[in-house]
Ligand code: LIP
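Only one chain is given next, in structure tokens, and it is the form predicted on its own.
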């Protein structure tokens, strides 16, 4: 797909109409995310600045998080002036448009702070509350994952297929931890029970990239408590379009209390164990 042509049009005019075509929305998302990732990477090369904290002393935010989100909001406003945006750093913009963009400007800020190459720009377009287009771009490496609703998931031009694992005991499972110390203690208790029931556990520190890794079979499954919409809107669509089941526990949808992404054969057994271990409970 020629993303640039779709965004600018054959005559070079910007797309400012109200189309909700997933391919067109994806083209815009890719263009905006690539430019945002370039900004994040260049600001990291200049040195991390403006570091403050949010919910806890370990929940960091940098000047780059804020700058990248402002850039994304401005770019979307130029291309799609009628849409709304929900971002991690500045919240939501006003309006009742059918299309809402959900952005995490730098997912994996602690990795970004330490210079670990596992941080991403995550951007999804929702139509009437349903994610229909998504891009996750690892700003450190340039790796890029995309998806449209019903159109499949891709890493570059390669179509993705999730792990074919059918035995939970042989599954490599990724997860993440909250910032609150009491929540981490509860999550550690869950892990001590789960780790003997799976092949092993991995923790990389960026939910969007974890979901993309699961989408391409780099891990068999992923779960985490406490994810906000910007953490999983893009990665969740990519995972689902690659063939993973993405949901919560006990028949609930994925949300703050729990998100599980796993191949169909092991989603149920993994979700049942997490429910048994009260993974969605605690602080």
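Residue numbers count along the first chain shown, from 1. Bear in mind the structure is a predicted one, so any value in this text is a computation, not a measurement.
One more form of this protein, predicted together with L-MYO-inositol-1-phosphate (LIP), exists but is not displayed; see below.
Each of 203, 206 and 231 having a non-hydrogen atom within 4.5 Å of L-MYO-inositol-1-phosphate (LIP) in the predicted complex: is that the case here? Every residue of the candidate spot has a heavy atom within 4.5 Å of L-MYO-inositol-1-phosphate (LIP) in the predicted complex.
Looking at 193 to 201, 69 to 77, 90 to 98, 103 to 111, which one sits within 4.5 Å of L-MYO-inositol-1-phosphate (LIP) in the predicted complex if you count heavy atoms only? Contact criterion met by 103 to 111 only.
May I ask you to state whether residue 177 is within 4.5 Å of L-MYO-inositol-1-phosphate (LIP) in the predicted complex, using heavy atom distances? Yes.
is_contact(residue 220, L-MYO-inositol-1-phosphate (LIP)) in the predicted complex, heavy atom dist at most 4.5 Å: Output for residue 220 is no: heavy atoms all beyond 4.5 Å of L-MYO-inositol-1-phosphate (LIP).
Taking any heavy atom pair closer than or equal to 4.5 Å as contact, tell me whether residue 227 reaches L-MYO-inositol-1-phosphate (LIP) in the predicted complex. Within the cut-off, so yes.
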